[in-house]
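Just the one chain here, the form predicted on its own, laid out as structure tokens.
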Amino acid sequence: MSAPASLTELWVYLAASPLTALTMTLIAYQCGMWISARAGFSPLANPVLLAVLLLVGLLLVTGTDYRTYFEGAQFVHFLLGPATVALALPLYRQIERVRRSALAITVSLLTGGAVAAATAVAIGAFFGAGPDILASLAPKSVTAAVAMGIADKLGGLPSLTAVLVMITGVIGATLGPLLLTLLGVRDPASRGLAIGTAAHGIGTARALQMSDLEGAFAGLAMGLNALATALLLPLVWGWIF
């Protein structure tokens, strides 16, 4: 038997096991972390982006469709919930500062969430996007599970929103810290609020790499922005459209 035929049979055997997709996901992320560490944790070497690129390339090479992949990788998806809850720990350590800054945090979150949704919709409208695309764009800065529900309620396409959320998070985590530095924003709490509001969980993961304080405020912003957007965006959308 030739080597390519043997490899094909081996892959067919491995693809039948759900552990293969899970293993692929974990290895891809570890590869992304390894590359990111070798790059000095540069924002341009985002481990999530690298892992996604590695997985996409592997799925294309092996001809594996997303549904088959997700059947095995859904355990990682399940862990998103506990991981999100775990963000409460660094936030608890900063609870006194959060109390002192409650008004500033509230104003920042509402303003940031509104600007994120409005600019996405405005850019989409400028390029002639239809109503379903605009509704898919509006919640793109909110964590994926909430954003997909909002998009569905607004008449958008949840699957498209999931992709937009991922792209938004990767761009925000990659370029957000650099942009804030160029703008002279040095306070870790302010940086965390901005990153968490704009780039949800992926941005929060990046903020946690920089400092506990920045990560705590990013996690706070991610959660509250999801809540505020889920409550307010459908109301505002109904008034405008």
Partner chain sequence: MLFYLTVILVCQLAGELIVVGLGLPMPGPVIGMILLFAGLVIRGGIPEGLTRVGDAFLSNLSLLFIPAGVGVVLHVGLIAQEARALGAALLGSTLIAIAVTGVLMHLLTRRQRARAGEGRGETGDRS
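What you are looking at is a predicted structure, and each value in this text was computed from that prediction instead of being measured. Positions refer to the first chain, counted from 1.
Although it is not shown, the form predicted together with the partner chain is what the next lines describe.
In the predicted complex, the partner chain lies within 4.5 Å of some heavy atom of residue 66. Proximity of residue 211 to the partner chain in the predicted complex falls within the 4.5 Å heavy atom cutoff.
Contact between residue 19 and the partner chain in the predicted complex is not found at the 4.5 Å heavy atom cutoff. In the predicted complex, no heavy atom of residue 37 sits within 4.5 Å of the partner chain.
Counting a residue when any of its non-hydrogen atoms is within 4.5 Å of the partner chain in the predicted complex, the hits in 159-180 run 159, 160, 163, 164, 166, 167, 168, 171, 172, 175, 176, 179, 180.
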